[in-house]
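The chain below stands alone, shown as structure tokens; this is the form predicted alone.
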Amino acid sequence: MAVRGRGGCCPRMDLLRSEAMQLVQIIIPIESAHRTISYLGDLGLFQFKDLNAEKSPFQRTYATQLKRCGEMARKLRFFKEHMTKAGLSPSKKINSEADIVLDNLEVKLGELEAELIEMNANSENLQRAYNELLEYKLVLEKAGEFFYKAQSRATDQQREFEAQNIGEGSIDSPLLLEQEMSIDFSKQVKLGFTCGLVPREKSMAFERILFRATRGNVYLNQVAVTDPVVDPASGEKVEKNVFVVFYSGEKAKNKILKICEAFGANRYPFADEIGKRFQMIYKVSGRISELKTTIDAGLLHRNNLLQTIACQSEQWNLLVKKEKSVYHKLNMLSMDVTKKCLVAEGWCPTFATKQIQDALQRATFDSNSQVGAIFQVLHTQESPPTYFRTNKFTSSFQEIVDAYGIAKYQEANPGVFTIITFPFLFAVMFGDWGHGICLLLATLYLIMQEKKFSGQKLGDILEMTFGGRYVILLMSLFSIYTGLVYNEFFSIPFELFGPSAYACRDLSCRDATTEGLIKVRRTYPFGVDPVWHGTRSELPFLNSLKMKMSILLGVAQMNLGIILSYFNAKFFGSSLNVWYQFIPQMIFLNSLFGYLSLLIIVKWCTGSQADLYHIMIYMFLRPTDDLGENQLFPGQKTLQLVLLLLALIAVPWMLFPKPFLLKKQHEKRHQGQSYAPLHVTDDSIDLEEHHDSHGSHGHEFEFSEVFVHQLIHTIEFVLGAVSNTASYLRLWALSLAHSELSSVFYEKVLLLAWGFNNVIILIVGIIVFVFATVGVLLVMETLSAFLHALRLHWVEFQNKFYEGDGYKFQPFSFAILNDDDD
């Protein structure tokens, strides 16, 4: 039975039963509604019900305020993006100054956003102009080199002609030279040209399109720019070529301009006279220097603004989140008929009644309201939410249970027992005190760095490991314990608790066998005698030990589950479940597998050579035959007959009475002969909830459905008693696998490398051994044993008593806002 807190701020923590909950109604004056919800959020012990579920978000009272908060949250995300780009991180310190008014914050955020947008626009324009000037300078330099080389070649050719023209009448002079030299230069066609940059990846296509569009009537020259150039339009670095295109005619010019535009080629003006060209280069260089200074000053001013924002962004962000969550909860409240009050309904623990009332009084006083909030408890048939108060140690164990299903309201919580049974069953499969120490050291590091890691965003795997650090802590401690029981330290036995009880009779027994060993001392005081390791009898001995131990542990845990079903039945007042579920289940399970466990213990105590397989098989096939040499104690045959008869009686005991009694109860209730409240038996509640899961009371009773449900439940338990017991043999199988893998890594890697008497081979062997131990035994085997222990708890243990069909208590709390996304 749960111990309930009786008010006050510090009631006892009780994990066996969830906290007693109550449905309450709070009538709040409008003038103090905001502050009331805010104080309840600080308290974090009230779960609101949505009383406006039929309304869309836009039809609710505080939709406008929510929209404002959303807009402010958008502005804060805008600031955060720019701070990230600038390499700034928001300050984690929250200034404990006077409260910030939301309206003032909205105005301030709007001004800061407008200023930042203007700065960004100016910076983009200046950066674009700067990049254009850099491209222009490259065009002037590269195209200027082309024109300079062309003019140099023309001058050299002219001088060559003049040097060769010695006499006009020379027989070697061309006949048409005189005509060529007498051409009127004013009648020559003057070629136009355009310069610019084109992306290098488009340069070949650019050249082909120019050639085809003008039918070859162009001359194109391209020069590759060594370093990537920042494109003014996109702001990205692009490899480009400087081009010069010569053309003739206005039509060719128009075609070339359109092609340049289509290929994203930036064109720039160019003077073919060298004097003007140098003058333009000088002007562009000066302009580049001025723009660079202006851009640097703008960036400095922008960074100063972002730095100012970063100092307060966390505080602003938290305030906006709080306000948004408060208005979201206010939208869940219904408006009173007079439109002067808001009505809230929700769940809270009974121990929090005084704290909530104090918060309501403070809100009324701080709001200067003339009317206080009214707090009243409502009576309902609705199932309350489930709330367990956990701490950082117990929360991870509770999450293991919650992953299977949330406990029904005040149902027995498996989490209490999971704290011990889960790490213990893990350790049975992982037993090696060397590996346990490695796990312990890793876990202690996580615990010592708890404050550091809890404030960081970790990866998925590391976050999961850090969250379960206390589970791993107990897993490692129990692994050390079971490792001492198995006497294995990286598969090596040690005489920690004294010398072995056995010794060699003579020197001829040193051949890895137990033949020739005699008991010379008292039994090894704790765990497995180290002499068993390395002998030919080691595997049969440990197999027998671990298999029998697995059955004992399994039967004990299944009995615990059935006993918890009794406490559930007593707590909920269901006598039917006590007499027709708990008792026959206990009889059936212990008549078969409880008896098997008894035989195992008697055999261990007496040292008998009886065959337990033979006993259990012929208990069913030939129950009246004499046991002969398999008899472990007097009266065993009679006991077996009685237990077999009880097991056979338990099956119809579970199957038939309960459906007929439920039918009889239903008929009495509807004939007015029984006025017992509906919560007398949880079976009737379950039945009604089965017909109507929304809380309305079902009036139909289908006897066939109830009987089939009970039949399925009976078959499931009878077959499950066998399969679940067999399932616990995984404890033996995984323990054996872990021990054998550890032995293989030690003997076939470490000892083999040691035998070569070579330092390099020994170092390589040690490295391989370490990586194999960490990767396989400390990671993969840990995960494997964890999953198997999880299955044993979810299926074999919890299905005996745990329904897990409840829903979690999710109070409105500001404490979890930092973990939520907008």
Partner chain sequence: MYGFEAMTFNVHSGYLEAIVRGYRSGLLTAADYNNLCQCETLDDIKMHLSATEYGPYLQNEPSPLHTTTIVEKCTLKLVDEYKHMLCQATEPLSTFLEYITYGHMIDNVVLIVTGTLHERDVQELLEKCHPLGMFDSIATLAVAQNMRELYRLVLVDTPLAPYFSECITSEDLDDMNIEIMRNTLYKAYLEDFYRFCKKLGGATAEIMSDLLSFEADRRAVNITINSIGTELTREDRKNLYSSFGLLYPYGHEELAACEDIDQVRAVMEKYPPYQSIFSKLSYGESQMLDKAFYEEEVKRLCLSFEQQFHFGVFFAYMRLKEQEIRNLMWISECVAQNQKSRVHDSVVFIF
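Residue numbers count along the first chain shown, from 1. If you superpose the two forms and keep the largest set of C-alpha atoms that fall within 1.5 Å, you have the rigid core. Keep in mind that what you see is a predicted model, and the values were worked out from it rather than measured.
Here the subject shifts to the form predicted in complex with the partner chain, a form of this protein not shown in this document.
With a 4.5 Å cutoff on heavy atoms, Ala262 counts as touching the partner chain in the predicted complex. When the partner chain is considered in the predicted complex, Arg215 lines it closely, a heavy atom lying within 4.5 Å. Contact annotation: Pro57 falls within 4.5 Å of the partner chain in the predicted complex, judged by heavy atom distances. Taking the partner from elsewhere, Lys292 is found to have every heavy atom lying beyond 4.5 Å of the partner chain in the predicted complex. Using a 4.5 Å heavy atom cutoff, Leu66, Glu71 and Lys255 all lie near the partner chain in the predicted complex. None of Val416, Leu741, Ile209, Val238 but one reaches within 4.5 angstroms of the partner chain in the predicted complex through a heavy atom, and that residue is Ile209. None of His713, Arg77, Arg153, Lys668 but one reaches within 4.5 angstroms of the partner chain in the predicted complex through a heavy atom, and that residue is Arg77. Across the options 793 to 801, 773 to 781, 754 to 762, 49 to 57, residues that bring heavy atoms within 4.5 Å of the partner chain in the predicted complex belong to 49 to 57. The rigid-core alignment places the CA of Met558 less than 2 Å apart between the shown form and the other one. Core-superposed comparison between the shown form and the other one: the Cα of Pro199 travels 2 Å or more.
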